[in-house]
Structures are given as structure tokens and as C-alpha cells.
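Heads up, the chain below is alone and in the form predicted on its own; it's given as C-alpha cells.
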Amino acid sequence: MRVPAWLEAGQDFVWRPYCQHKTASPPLPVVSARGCRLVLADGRELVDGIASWWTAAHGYGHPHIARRVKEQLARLAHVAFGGLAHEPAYTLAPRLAAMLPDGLQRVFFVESGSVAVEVALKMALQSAYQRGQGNRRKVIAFEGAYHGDTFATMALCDPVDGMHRAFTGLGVEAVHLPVPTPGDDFEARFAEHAAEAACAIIEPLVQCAGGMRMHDAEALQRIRRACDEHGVLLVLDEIATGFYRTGAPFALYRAGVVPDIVCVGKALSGGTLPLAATIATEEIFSAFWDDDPLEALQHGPTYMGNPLACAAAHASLDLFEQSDMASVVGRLETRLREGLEPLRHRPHVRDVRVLGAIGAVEMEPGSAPASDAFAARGAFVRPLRLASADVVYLMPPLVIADEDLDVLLAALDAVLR
């Protein structure tokens, strides 16, 4: 592969994410992207099997999103959200609320999913404090979880199998329970911590970055009932599962569960600009309604509600509304099942899981090939590497055509032989 001058000149200055620089291969130099394909500096094209960490739901370079962002750039690129307002954010907030169950309507904009979860925790913990429940300082999370990379969100991640083991015990006080399964003692274990818990948090149906671990609707319904019984708020992290990734607008609809707070992001702006949001009920918002300015939610990212990002989100929602996304994802789910199920009996493979536009092949730890092996076959695939397993997964753009999906499935078939 020809190394462009800019990559060679900058490689000693850039600290890459989730990268062991001592052993990792150089990154693949991308010079453009269109549709579901990444164009490399040497002219090769790779089908993107992970949609830029699950954001590019509509593919790359969609003209409708580009046009909306360009129009907004000509009017207003950015203005601070403190004490000022602008149309893109104030029209996006009710539009998001309309996509969710009744009652979830107070939208707090941020720039990333990690911060959206941070804000959800602050809402839960501060509202408990201001309601005279200052003893509720714990957060109930679940084994296999990943909720972000900031200090509070790292505490929610799996302390044994997660990528943030070095930080176990720091940040918020989190208790990790197994995800409920039939016949277990989940309710009793939840009750042991409930009196001191402000909230419980989980990704509905799929724990994505924690290993593409899947659970059923009944597990979430049991968590909701336990929260109701003990006065604990329920936070659903829909950053990865939202916007039709599981086949419904949000996974909570497939589960039949309404949370007190929901976090969204990733595909919200169609993979163009950083934007996420934390959306709470009016009841939670009322705990911050006071004459004392210090009783307000003490959070405010500099680029909160960026007009360009909000314009991109409006365009992304337009595209979701213009298509029968449930049918689109249903077709993808069928193709992924057909393509991945034959890999179940390959060497080192432990399990194959598919839900919506998410397909995962769980392998023994240390056995998954590197991304280079997939790239040699025209696919960009980046396995998850956990302490207990490797996971080769596909979460492609939702608009992926059959011929591009065939490239991804053929690459997995060849590499995992």
C-alpha cells in the first residue's frame, strides 16, 4: 500500500483511539467516501462494514444531508447555547420527542454519546438529591456493559471483561448485575442495592461495544418493573441501538419498555457532525425547577446544540421518514442470518448472533484476524477484542446494497476459514 505523505508526516504526532501502537498496523488512509464505500489513497475501495462506528446509517456523501448543512453554514455555523437560541435546535428537540413515547420530551443536546450518558447520570443523581434522597448515590449497571469513555461512564462498563479495567473503582459508584435470564434471582439482587440507587442503565436488546451481547424484551421488562417497585429511574442507552438499527425507530419499542431517560446519538446526524442528546421526562425536569440557580442542571458543553449538527440531524430524520426502514432492516437481518449462520462451526467460533442490522460472530479470545485480512478482500471490519472473547461483527450502513453486503459476507467467509 502506498503511504501518502500526510500520513507519513503525521504518524509520529497522532495518538490513535483504542490502539496499541507497538503492535498495530498503520491505519488505512481514506481520501474520500461515497455510498457505503471508503476510497483509499492508493485507489482501492473498501465496503464499510461498521458504518464509521455505526453512525453512517445513510451511507457517505448523501446529497440531502450535504445540502442542509451547506444551507445552514451560510446562515449560522455556531452560536453558544447559553442564553441564546437558534431554530435548528429548537425545532429538532420536539421532533425527537415526537419519535419517543409520550412524556419523554426534555431534550439536552451534547456532542457525543459518552457525554449524553454523563448527563443522564447527572440528571438522575442531582434530581434524587434535590428531592431529599441524597442517599441514592449508586448506579445499577449490567455485566457486559459499555456506556462510554469518560470517568463516570467508564465506571458503568464491565469491570472484568470491559476495556476500562484499569479504572475500576473510579468515577461514580456502580453496581454490576447480570442481565436477567429466566429463572434467575435478579429481583432479589436488585433489591439489595435499590434503596441506595438513583438509576439503572442498560443498552436495550444489544450491548454493542461490550461484545454485541443480546438479550430479550422480557429482561428489560423485568428491569423496568424492579425500578418501579423501588423508585429507581431507568435510563436506556440507545446511542447505538437507536434510529432503526434493531428494526424499530428505537429498541425500546421492540422491548415494550418506556424509560425515564433515554440517550441517543451516532446515527442521529447521519455520521456527518458530532451530535447526541439526553431526553428526560417532565417529572425529572421538574426536580430542577427552582428559584435557586444552583438547583439548575450544572452542565453545558461549548458546542451544545451546534446549528450545523442540528441541521444534519434534521436531514437524517428526513431520510428515515422517507423510507420504510422497518422493511429495509428486516431484509438486512435476513441476509445477515443467511450469511453468518454457516460460520457457526468454523474453528474458534463460539456463537453467531443477529438482531436487526447487527450481525456478530463471537470467537475465542485472541483468535480474530486483524482488520488487514478483511481489507485485503475489499471490506473494512474491525473486530472487538475483549478479555473473554473476540467479536467479529457487521453493522453496515442501513442503505447498503446487496452487492456491497455480499462483499462483506464473502470477506468474513474467506477470512474465518
Ligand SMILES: Cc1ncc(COP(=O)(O)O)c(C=O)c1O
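Each residue number is its position in the shown sequence, starting from 1. Source: prediction; values computed, not measured.
Note that the form predicted in complex with the ligand isn't included here; everything after this is about it.
Shown without its partner, this chain lists S114, S127, T246, Q72 as candidates; in the model of the complex, only S114 has a non-hydrogen atom within 4.5 angstroms of the ligand.
In terms of contact with the ligand in the model of the complex, the residue from P180, G148, P88, G144 that brings a heavy atom within 4.5 Å is G148. Stretch-level contact analysis of 237-245, 334-342, 189-197, 80-88 against the ligand in the model of the complex, using heavy atoms and a 4.5 Å limit, identifies 237-245. The closest non-hydrogen atom of D158 lies beyond 4.5 Å of the ligand in the model of the complex. The ligand is not drawn, but in the model of the complex it has a heavy atom within 4.5 Å of W54. The ligand is not drawn, but in the model of the complex it has no heavy atom within 4.5 Å of D260. Annotation for 181-210: the only interface residue with the ligand in the model of the complex is E203 [heavy atom within 4.5 Å].
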